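The chain below stands alone, shown as structure tokens; this is the form predicted on its own.
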């Protein structure tokens, strides 16, 4: 069984948990975080689950971030790398079809999610839910929302051409992208009409990994 350190309401952790379900591999989750704990975010005085600054954890991941996996002695951090490992080691065609073009396009959208969606989305989460009101920045939510909406317009255009981000079948590229876009919807910051994104999210919503680790709204705050 693969060990994983993270927390269920971490967007990066939930990506990996979804991927575990897709490939049918069991995991043992240990709660770990430098910013969140059972009583919420550290900005509100909550104690984090910790572990990430302990020497044994830093030996696994010098960045002190989550998630991290240990697959029978093979240690890996960064959620995109972990998803790619699960796809290639256990996926057997489930998370990509083996074609270099499909793999490259999947990685393209995974990287796009990290670089274009996650930074403003994290701003929205902090400003709307995690930071005390006296620590919030006026206008930050609207500014972040505009940035996300501009980016998602490109996703809408892609999904007008293909059923999924890397082609006409589900791939690992849909996992980070789907989790992030759904989170944007959970926070009620949805932009204008995006019928192809809506249809794509509905298709993702039929997948067990999505239903278990992404769909519950309480896992996003």
Ligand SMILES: N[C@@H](CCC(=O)N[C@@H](CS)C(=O)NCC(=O)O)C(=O)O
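Treat the numbers as computed from the prediction; the structure is a model and nothing was measured. Numbering follows the first chain given and starts at 1.
The form predicted in complex with the ligand is left out here; the points below concern that form.
Here the chain stands by itself, but in the predicted complex one stretch of 101-109, 72-80, 145-153, 131-139, 72-80, has heavy atoms within 4.5 Å of the ligand.
Among residues of the shown chain, residue 220 is not one whose heavy atoms approach the ligand to within 4.5 Å in the predicted complex.
Under a 4.5 angstroms non-hydrogen atom cutoff, the ligand in the predicted complex has residue 67 among its neighbouring residues. Proximity of residue 35 to the ligand in the predicted complex: non-hydrogen atoms within 4.5 Å are present. Although the partner is absent here, residue 186 sits far enough away that none of its heavy atoms falls within 4.5 Å of the ligand in the predicted complex. Contacts between 96-129 and the ligand, taken as any heavy atom within 4.5 Å in the predicted complex, involve only 114.
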